[in-house]
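Before any questions on how it binds or moves, here is one chain, the form predicted on its own, in structure tokens.
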Amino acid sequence: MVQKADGMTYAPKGKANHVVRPGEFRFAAMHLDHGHIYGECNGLMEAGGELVAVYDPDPARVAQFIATYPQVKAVDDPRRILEDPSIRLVAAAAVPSERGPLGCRVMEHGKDYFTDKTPFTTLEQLAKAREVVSRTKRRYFVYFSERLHVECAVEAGRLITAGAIGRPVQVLGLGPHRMGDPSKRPKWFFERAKYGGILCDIGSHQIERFLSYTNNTSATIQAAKVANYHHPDFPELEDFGDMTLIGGNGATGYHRVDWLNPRGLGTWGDGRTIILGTEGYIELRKYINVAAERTGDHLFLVNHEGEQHHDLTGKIGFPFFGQLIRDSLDSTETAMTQAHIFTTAELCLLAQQVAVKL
């Protein structure tokens, strides 16, 4: 069963759906600072990727990783991964401020890179990654798990593309997260320069989903706010943030993220999304249906044909990972375009930059 108490260790598992032959797509893991590395690796392995090596400077993190993936070989020098020509991609979940520089190093060694969100903490890091991608022709993939690794969110995209709600014109995204015991969080979690700010960090999910569901390739930040309402012992932490976006095609989005999720909820966050279209709307209750069902992946569809409720756990799968592997091997952009990834990252950084501090 997937652990649902803490979002930092939330690592969904799906059914195997291999898109490559055994040994055709070898990848490694590096820098295990965030638990999302397990979700990244699970997804790639279920699509047929072969996880062969791991590097992290912390022996305890390596030991825990190998306990989960016993076939993996631990290396004591990152060059043994970076300089191995048989390794096609490096998956990583480094401290957020280190993700951009690590990605550039990986791509400079001729490998594709798959990082946890948020992919950058400064516009300078983004500019450097754009230059390295252009020069090396390698890919900088990002694990936007709240759309890519949630079955109801995957199905919402399919329904929108099929025209189930007409033209999407507004997205409301709510992303509450549970803080839990602060002493169990790493020090970088509370350092603004290292985590990038709440809109840059967990707000990245919201922006990526807005662009995807509304079919936008650009957007502007109309307004943004951040605050520390409840954690005075950690003055650099932002435990609340919201933002309003206007897409290039006129669709709008309002998104709120926070670290104020109450302990009494049966999961780490009551993540919800409502997509309004000209012919109907979709609501996603991603991780729980409050006071009704502890299961997640609930999709509610209302259009001219009536009302529908779909419980999608175990029914949709996670096609992103197989698409990523094929994109890496075939030089295609089926899973997610590089432009989409970098536009999402830029908007996160701009939202953080213009946010009013309450």
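This is a predicted model, so every value here is computed, not measured. The first residue of the shown sequence is 1; numbering continues from there.
Same protein, other form: the form predicted in complex with a further copy of the same chain, not shown, and the subject of what follows.
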query	finding
a further copy of the same chain: the contacting residue among Leu172, Leu237, Val133, Met179 in the predicted complex [heavy atom, 4.5 Å]	Leu172
Of Thr252, Thr122, Asn215, Ser218, the one that lies within 4.5 Å of a further copy of the same chain in the predicted complex (heavy atoms)	Thr252
Close approach of His304 to a further copy of the same chain in the predicted complex, 4.5 Å, heavy atom	yes
a further copy of the same chain contact in the predicted complex: Gly280, any heavy atom under 4.5 Å	yes
Pro232, heavy atom within 4.5 angstroms of a further copy of the same chain in the predicted complex	no
Heavy atom of Lys137 within 4.5 Å of a further copy of the same chain in the predicted complex	no
Which of 47 to 55, 66 to 74, 329 to 337, 305 to 313 sits within 4.5 Å of a further copy of the same chain in the predicted complex, heavy atom basis	305 to 313
In the predicted complex: members of 208 to 232 within 4.5 Å of a further copy of the same chain, any heavy atom	Gln222, Ala223, Ala224, Lys225, Tyr229, His230
